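Form predicted alone, single chain, as structure tokens, below.
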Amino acid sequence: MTQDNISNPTTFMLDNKIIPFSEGQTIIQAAMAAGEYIPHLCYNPEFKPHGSCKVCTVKANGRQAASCTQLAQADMVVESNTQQINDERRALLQMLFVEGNHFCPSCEKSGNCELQATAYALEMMSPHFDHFSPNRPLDASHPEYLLDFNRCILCSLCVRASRDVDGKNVFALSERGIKTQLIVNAKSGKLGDTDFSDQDKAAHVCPVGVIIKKRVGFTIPIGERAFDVNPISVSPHPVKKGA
């Protein structure tokens, strides 16, 4: 929904700030349009909300709800930037950091990584929990891209982009619960055996360091990348290709 569609907007309160919205907008859509930051990972305004990461959870009229799926309502009172909610968000981030391999100093996505930037924004100082230390194989079979499954946070953005925009269904989530993992939809399970390309939307939506373009690593120096320049709570962030 664009601003052109918005007529006679009503409002709700977000952390004591008046936020206008139009019918059909979710809390996070209205907040972002008003320049207010609600931490999130799996939400992308280009895709239908998925509600999987729960980092965008807020209290709406006293009840917890995912702001990416909860529709805004007139006179609703929404709490987001509170100690309780941010503590819960930090716990979610800590679990994501230990579930996979997120050693930021060695990652090519450092400085452009939404997981890293969100952890900074929420002042996450340590992973807190014991590391799972998974050993998921790398996939370097594609001529242009490398897959590092160890960094996947199961946001499903690449799955949705490949299916809904590219029309290719290159990626999927397999298994359930703690065994859920990202896979490549090919008999071999290798990206090189698909028609995945640099022109695909799925090649550019990963918020972490799973889908990495080859031969351009660190061409943008650390310190000059999107979230090095401005925190994730400040937008927009044009993530530069090659970083």
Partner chain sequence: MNAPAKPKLRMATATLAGCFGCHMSFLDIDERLFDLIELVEFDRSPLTDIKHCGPCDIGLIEGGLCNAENVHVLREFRANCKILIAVGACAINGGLPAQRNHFPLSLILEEVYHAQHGLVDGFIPNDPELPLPLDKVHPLHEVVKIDYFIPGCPPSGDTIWKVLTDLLAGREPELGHALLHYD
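For clarity, every value in this text was computed on a predicted model and none was experimentally measured. Numbering follows the first chain given and starts at 1.
In what follows, reference is made to the form predicted in complex with the partner chain, a form of this protein that is not presented.
A.B. asks: I'd like to know whether residue 116 contacts the partner chain in the predicted complex, with contact meaning heavy atoms within 4.5 angstroms.
C.D. replies: Yes, residue 116 sits close enough to the partner chain in the predicted complex that at least one of its heavy atoms falls within 4.5 Å.
A.B. asks: Answer with yes or no whether residue 71 is in contact with the partner chain in the predicted complex, where contact means some heavy atom within 4.5 Å.
C.D. replies: So residue 71 does not count as contacting the partner chain.
A.B. asks: Given that the partner is absent here, does residue 110 sit within 4.5 Å of the partner chain in the predicted complex, heavy atoms only?
C.D. replies: Looking in the predicted complex, residue contacts with the partner chain include residue 110, since a heavy atom lies within 4.5 Å.
A.B. asks: Answer yes if any heavy atom of residue 13 is within 4.5 Å of a heavy atom of the partner chain in the predicted complex; otherwise answer no.
C.D. replies: Although the partner chain is absent here, residue 13 would stay clear of it in the predicted complex, with no heavy atoms inside 4.5 Å.
A.B. asks: Can you tell me which of 152-160, 75-83, 94-102, 168-176 lies within 4.5 Å of the partner chain in the predicted complex, counting heavy atoms only?
C.D. replies: That would be stretch 94-102.
A.B. asks: Quick check: do 49, 183 and 192 each get a heavy atom within 4.5 Å of the partner chain in the predicted complex?
C.D. replies: Answer is no for this spot.
A.B. asks: Can you tell me which bits of 115-135 touch the partner chain in the predicted complex, meaning any heavy atom within 4.5 Å?
C.D. replies: Read in sequence order, the residues that approach the partner chain (within 4.5 Å, in the predicted complex) are 116, 119, 120, 123, 124, 125, 126, 127, 128, 129, 130, 131, 133, 134, 135.
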